[in-house]
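Presented below, as structure tokens, is a lone chain in the form predicted on its own.
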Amino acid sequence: MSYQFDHQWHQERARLAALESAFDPWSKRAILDTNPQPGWRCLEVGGGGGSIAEWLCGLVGPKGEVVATDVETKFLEAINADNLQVQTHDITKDPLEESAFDLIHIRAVLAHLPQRDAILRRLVAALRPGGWLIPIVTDFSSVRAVQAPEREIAFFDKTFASVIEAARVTGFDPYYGRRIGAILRSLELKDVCVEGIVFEWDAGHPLAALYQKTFLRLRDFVVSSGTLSEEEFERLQGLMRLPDFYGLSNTLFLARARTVIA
């Protein structure tokens, strides 16, 4: 099973929009905690739909620059900003400028890539002295149903976890978030700070749409592999649409650290 979330899928932009709505406020908070300045040069790795890249363009102003990369860039190319540079780039293998950026933000990327630890080392090398690395990573162990018909709580917890575990065949690590602080410290970075965010969600929350569309993209694999039957898959999707269903989110780890000032 290869990486599933290419931009050719007809619902991928909507899936990314749900991700942006759910997680952009937390990414922005983590970035603002670094006290970014006009004129900074920033790198957005795996820019996806482009919401953070576009926001960064306004943050650093006309004297700054934002480089936004992804293996597919059609959504990024739709952004109208004079200080945005869009690059088709595979972070697992393509060259990356060294000592070139004041801030690097990478979200919802590392957990999907088996080369994740090596990627972090490359990102550190791409920072200028005193530059900030902001990896936003997740841990799915906190996902739980907290309000639903009693028999459905256990069903949700079991089947949701089964889908997440099945996705490991791609090299996905659903629990990478809990290790991010230790990894950043091992890279001899300064001012390492990690904060875990968990929130409650219901059918009207963008996280519900994100989970549903992500699972829908995985549907063929989930059913063909025997992870869930077609009936179980539809029942799980239906649960997340119920007006009286509430769950806890995956833990979103907001991490930041910076290189030593020369």
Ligand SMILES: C[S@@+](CC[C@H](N)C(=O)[O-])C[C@H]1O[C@@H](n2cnc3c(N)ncnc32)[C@H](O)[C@@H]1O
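Since the structure is predicted, the reported quantities are computational estimates derived from the model, not experimental observations. Don't overthink the numbering: it's just position in the shown sequence, from 1.
Note that the form predicted in complex with the ligand isn't included here; everything after this is about it.
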- in the predicted bound form, R116 touching the ligand (heavy atom, 4.5 Å): no
- Message: in the predicted bound form, does P36 come within 4.5 Å of the ligand, counting heavy atoms only?
- Response: no
- Looking in the predicted bound form, any heavy atom of G196 within 4.5 Å of the ligand? no
- Query: Counting only non-hydrogen atoms and a 4.5 angstroms cut-off, does T170 reach the ligand in the predicted bound form?
  - Reply: no
- Query: Among the candidate residues L187, I79, A166, V71, which is the single one with a non-hydrogen atom no more than 4.5 Å from the ligand in the predicted bound form?
  - Reply: V71
- Item | Option touching the ligand, based on a heavy atom within 4.5 Å in the predicted bound form, out of A125, A161, I153, A108 | A108
- Residues in which of 44 to 52, 200 to 208, 224 to 232, 28 to 36 have heavy atoms within 4.5 Å of the ligand in the predicted bound form? 44 to 52
- Query: Looking at the ligand in the predicted bound form, which residues in 90 to 108 have at least one heavy atom within 4.5 Å of it?
  - Reply: D90, I91, T92, R107, A108
